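As a starting point, one isolated chain is supplied in structure tokens, in the form predicted on its own.
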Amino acid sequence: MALKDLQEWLYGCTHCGTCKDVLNIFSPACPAGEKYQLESYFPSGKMLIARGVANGVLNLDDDDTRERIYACTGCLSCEQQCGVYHHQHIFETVQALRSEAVTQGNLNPAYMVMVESLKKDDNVFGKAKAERGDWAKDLKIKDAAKEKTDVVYHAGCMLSFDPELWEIPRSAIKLLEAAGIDAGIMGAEESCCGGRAYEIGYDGEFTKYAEHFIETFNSLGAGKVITSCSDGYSTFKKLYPKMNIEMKFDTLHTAEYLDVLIKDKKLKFTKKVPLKVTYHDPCHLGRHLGESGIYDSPRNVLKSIPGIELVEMERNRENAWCCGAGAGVSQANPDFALWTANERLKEAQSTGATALVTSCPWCVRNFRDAVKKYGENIEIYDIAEIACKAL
């Protein structure tokens, strides 16, 4: 949505400061504001910036102004805490500012690289499109682009092109096979969902990928699309419906589907996994989905694994602190992304857990990078990896 269409929401903010902390426990809620400790980095400050830009008082060709609007992980914690009527439109306003910057030609160099890669190879990492299915090379799994399957597993960009994370999609496939699911992958024919392009302000690129994705998967005839990427899942559930194109398939996150398979007694765990773990709720699997946020399913899966002891962090579920990787921050501002991740790792360690489990590859990547940088003593797993250990 364009900034000019958001005038009503720009004046909703009362600058009460509620967005700065988690209600009732008064722990920090906004990564950017907490990191930089300036009002202009907090959500309330960004609303003032949007007002200034809309009224011609501020310009997006100013580096300091753009720095503020890009220092946002899109975690939506502010929208969770805010009690004013505009609260569901805070990140929509930030995204509109980013979109306006792109329209004006005031581009972020890091995002220009991402978008050029999207245009060339259908991913945001500058990797060759032909390599997209390499994670599954030695797996005996159907090619959904060539033969019909009941379920199509969508790996997404991060899991397709980061070899250190390949165990996540491989574990997901093994779990589907153990449950007797007729599944396939698109391999090199898979493409980006477009969600990251939307969040960094490239609306045109998002629209192109959304239309292509929906039309492609409609043509496959599969009843379900399963993904381990919470960003992709949020894009399917929250953004694609706005395209006004019928989606002839259902979408489920891996954690959600595993919970169903366990309850239907199609998936059984027999091995003990003796770990004390805490669970990190990905923003795109939680707050981004509003009342449909997936909080119980991953916890149900963990509780069904023999030997797992689950302990909770103070900020959990809809109040979870962000991992720091969202909305393009890990690409454009890695120091801020890793600082945010380390704040979460310290909270995880305070529970006495020896491992942090999550359901998002962007979270896993950022947490593992933060462990390397800051030396925190905690293991990081995706829920599919942990579940696979129990087979």
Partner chain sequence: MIEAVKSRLIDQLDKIVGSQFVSTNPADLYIYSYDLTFAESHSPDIVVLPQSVEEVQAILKLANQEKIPVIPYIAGGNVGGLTIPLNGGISLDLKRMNNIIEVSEADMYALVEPGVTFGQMKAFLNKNHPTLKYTYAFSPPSTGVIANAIVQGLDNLSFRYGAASHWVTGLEVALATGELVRIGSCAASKTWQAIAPFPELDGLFLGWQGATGVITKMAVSLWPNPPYNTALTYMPMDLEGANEILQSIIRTRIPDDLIGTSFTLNKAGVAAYEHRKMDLYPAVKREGEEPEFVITAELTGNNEKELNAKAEAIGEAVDAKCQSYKFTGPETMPSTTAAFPMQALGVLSSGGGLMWVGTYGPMSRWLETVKKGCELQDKYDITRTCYTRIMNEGHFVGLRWMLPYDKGDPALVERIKDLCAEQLELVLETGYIPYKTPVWAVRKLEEKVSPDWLKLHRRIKAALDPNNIMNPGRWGMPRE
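Positions refer to the first chain, counted from 1. Owing to the predicted nature of the structure, the values given are computational and were not obtained by experimental measurement.
One more form of this protein exists, namely the form predicted together with its partner chain; it is left out here, but the text below deals with it.
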| item | value |
| --- | --- |
| Stretch in contact in the predicted bound form with its partner chain, which is absent here, among 337-345, 362-370, 319-327, 40-48 (heavy atoms within 4.5 Å) | 40-48 |
| Contact of residue 83 with its partner chain in the predicted bound form (heavy atom, 4.5 Å) | yes |
| 4.5 angstroms heavy atom contact with its partner chain in the predicted bound form for residue 377 | no |
| Contact flag, residue 52 vs its partner chain in the predicted bound form, heavy atom cut 4.5 Å | yes |
| Partner proximity in the predicted bound form: residue 60 to its partner chain, non-hydrogen atom cutoff 4.5 Å | no |
| Contact test, all of 11, 16 and 314, partner its partner chain in the predicted bound form, heavy atom 4.5 Å | yes |
| Within 4.5 Å of its partner chain in the predicted bound form: residues from 116-132 (heavy atom criterion) | none |
